[in-house]
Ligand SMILES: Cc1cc2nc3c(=O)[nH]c(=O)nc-3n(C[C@H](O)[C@H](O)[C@H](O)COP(=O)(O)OP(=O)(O)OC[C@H]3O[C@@H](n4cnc5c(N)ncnc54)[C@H](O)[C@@H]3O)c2cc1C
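Before any questions on how it binds or moves, here is one chain, the form predicted on its own, in structure tokens.
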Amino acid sequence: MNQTVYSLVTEGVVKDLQALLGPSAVTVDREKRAAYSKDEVPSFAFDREYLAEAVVFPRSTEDVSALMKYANDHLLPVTPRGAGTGLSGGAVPFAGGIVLSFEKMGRILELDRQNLTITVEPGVVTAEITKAAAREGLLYAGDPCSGDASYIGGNVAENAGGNKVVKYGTTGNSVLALEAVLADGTVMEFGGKRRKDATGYDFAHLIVGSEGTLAVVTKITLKLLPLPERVVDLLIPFPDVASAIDFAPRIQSEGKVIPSSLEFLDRKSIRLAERFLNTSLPCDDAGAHLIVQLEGNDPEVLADEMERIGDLCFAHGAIEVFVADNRTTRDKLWKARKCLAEAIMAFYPKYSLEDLVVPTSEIPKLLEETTRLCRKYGLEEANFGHVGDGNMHVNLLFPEERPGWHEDLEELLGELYDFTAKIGGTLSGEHGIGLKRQKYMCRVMDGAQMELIRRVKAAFDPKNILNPGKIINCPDGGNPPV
């Protein structure tokens, strides 16, 4: 199979880019290139160093358009990058070339109260959108655990999920419109402030989750909702994983309540959070915890829902129900949940943070198989995630350095992914495929589907310059420059 031979970023190319975008918008400093050539996937997960030849900082859609036209004309690969908080290697420049960083495009452009929308540039930190909406008594429902650092453009590229998916859906459910630049520099607008649209193909939501392989998003219009007046979190310890997982769907099916969040932590995760934050959680010797978040406007209705869930908990084996109904206790609880990826990175020399998603009824089987495989290969495990939507972060941990760890991990992942597919699951619920999981796509997707992805990619990006090497091999795979 032939490979695309990309052009190199020569001194002449750098001068051209500086003329297009301004001298301060382009850097070839090696230290900066290295910093912008990675995300949160550790370098030991890859076969070699992947390094951009230049990093570009556009300030406008016009800058992005000019850059993409130049890159397309000169066959230069371009890797869009947000804040670098991704967990799939999606922002790693597989083919070298140019990393396109959006840190200079971080403006909130409009908050439209009449249409309940907010329009932003891709470099806005997700939490800033939440705060801007809240100041107007409104809610932006996207809540990834990385929200204090991640950019909304990265959330759109990966179709980030987070903690409120069970009630509000993923990032894509909040996206109404996108402005995007195609590989040849053409600026397109998809969608609008409309809540319904059955006119032609839904290109906006095709681009959501495409990991920067189809187009470069330069403007995003998001749906807003009324901000609930009251929020309460319940921490519910169970004696073991099985009873916690068994109880989770009962909140909706028997309690008749749709929580805004429904999260799961096993004992290992609880202890990791305590160690990392130097704090303690109630019942930290429990087999598992559930975090249930409820929200509403009527205090009597909220109290009734809490009572119903509490009664259900005790009827199905819960050890206790702890209520966090003020900002301090709620923040402590969510810090413990949101710090877990960082805790693993801090305490383990080698690890693999997985993002498996299965039908919720199959979660017990997935966790049982994870335990079996970890015992087989001599690894530790820490499992947590969004039990309300079947998205489990299975984390495979090497307690110490050991020879052959990479080969062991590859074998384990192959078995785990095959099992996940067998029970109706797939590789990623919110982190994306990127470079990290690309070679495993054939385990969950047949050849006809993969070929269709290649054809869609070729329609948007015929020269394969947009984030090559991601999701699946493109028709010719691409090649890193020598």
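Just count from 1 along the sequence shown to find any residue number. Predicted, not measured: the structure shown is a model, and the values here were computed from it.
Missing here is the form predicted in complex with this ligand; even so, the following discussion is about that form.
Shown alone here, residue 386 lies within 4.5 Å of this ligand in the predicted bound form, counting heavy atoms only.
Residue contact with this ligand in the predicted bound form: residue 264 places no heavy atom within 4.5 Å of it. Not displayed here, this ligand is approached by residue 150 to within 4.5 Å at the level of heavy atoms in the predicted bound form. By the criterion of a heavy atom within 4.5 Å, residue 233 is excluded from the residues contacting this ligand in the predicted bound form. Between 395-403, 265-273, 311-319, 338-346, the stretch whose residues reach within 4.5 angstroms of this ligand in the predicted bound form through a non-hydrogen atom is 338-346. 87 is the sole member of 356, 294, 87, 291 with a non-hydrogen atom within 4.5 Å of this ligand in the predicted bound form. A heavy atom within 4.5 Å of this ligand in the predicted bound form is found for exactly one of 71, 118, 217, 363: 217.
In the predicted bound form, this ligand lies within 4.5 angstroms of at least one heavy atom of each of the following residues of 133-163: 144, 145, 146, 150, 151, 153, 154, 155, 157, 158, 160, 161, 162, in sequence order.
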